[in-house]
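Just one chain is shown here, as structure tokens, and it is the form predicted alone.
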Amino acid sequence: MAATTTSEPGSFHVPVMVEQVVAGLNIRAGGRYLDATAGGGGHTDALLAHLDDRGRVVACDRDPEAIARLEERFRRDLRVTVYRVNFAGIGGDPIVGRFAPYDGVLFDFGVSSRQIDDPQRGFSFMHDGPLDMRMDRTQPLTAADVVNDYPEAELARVLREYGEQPRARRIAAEIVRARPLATTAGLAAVIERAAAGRERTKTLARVFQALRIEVNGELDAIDRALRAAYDLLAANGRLVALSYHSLEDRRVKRFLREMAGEEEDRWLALPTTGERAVRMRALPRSAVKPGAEEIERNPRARSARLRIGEKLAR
């Protein structure tokens, strides 16, 4: 689950763009919905508010700590099934598949505020903590492994591809010279030495983003999850995806264009062979952005982009 704010009651999280998500899913009172990145349960709670006793939400997350909170939050609601699974693995999963087809599938990509604000998770350069960055802390690979063990060229590739970092080679070289590194503060100090004055905060954000994506395999997971979601949807079911940086949003946009039978890049107008199948339509074609009021209330929502696809009956 991605950026959220904390509400007062019970310290639950208020989901980003909740009204747009609910509208995008076009919720039926007795429908079935998959919240594939449930996190703190904010979006799940919003879906339940529009369902009657026949409705069902399967709330999934890869983080065992998030699962424990979800089980506590929804323990009295028989309409909710809480299940631990990486969203990349929803295709073919027996528990997720048991409730298919779904009238809607929701993805809220990225990292949650609870994870960001916990220094022990190591996601933020704003807090000193171990170089971890695992969304699922049972997996072996950590940010410390990437920072300390990757060859310099491979580390530069990660920073360039996943952080869109123009100084990737220079920063990678500085990191290699400073090894071993064990904490977020130690890594941040190295990055700041390699960054230009005005670009320090942006550079820090890009490097930490790149490491997080590498540790959690996020982009490949998105590609797998989107294709699985299509198979899990009922005819006329809705796919709603929230992204928080261009790499995520680009994956979703490319998928929806492909499913709509368009060229991957329509501006290039590349020649095609044969007729492309039209399996989904985007609603609307462009991404939906949060309003000014929500951004003021929750600055972490400012980068959010929401895209909606509807599976066409065949």
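In this text the structure is predicted, and so the values were computed from the model without any measurement. Quick note: we count residues from 1 along the sequence shown, nothing fancier.
As for the form predicted in complex with a small molecule, it is not shown, yet the points below apply to it.
Contact here is defined as any heavy atom lying within 4.5 Å of the small molecule in the predicted complex, and by that definition not a single one of Asn26, Gly55 and Asp103 is a contact residue. Between the options Gln209, Gln115, Gln165, Ser243, the residue in contact with the small molecule in the predicted complex by a heavy atom within 4.5 angstroms is Gln115.
Contact annotation for Val111: at least one heavy atom lies within 4.5 Å of the small molecule in the predicted complex. Interface residue remark: Met135 is counted as part of the site for the small molecule in the predicted complex, having a heavy atom within 4.5 Å. The closest heavy atom approach of Arg251 to the small molecule in the predicted complex falls outside 4.5 Å.
Within this chain, Arg32 is remote from the site of the small molecule in the predicted complex, having no heavy atom within 4.5 Å. Screening 169-177, 190-198, 86-94, 139-147 for residues having heavy atoms within 4.5 Å of the small molecule in the predicted complex returns a single hit, 86-94.
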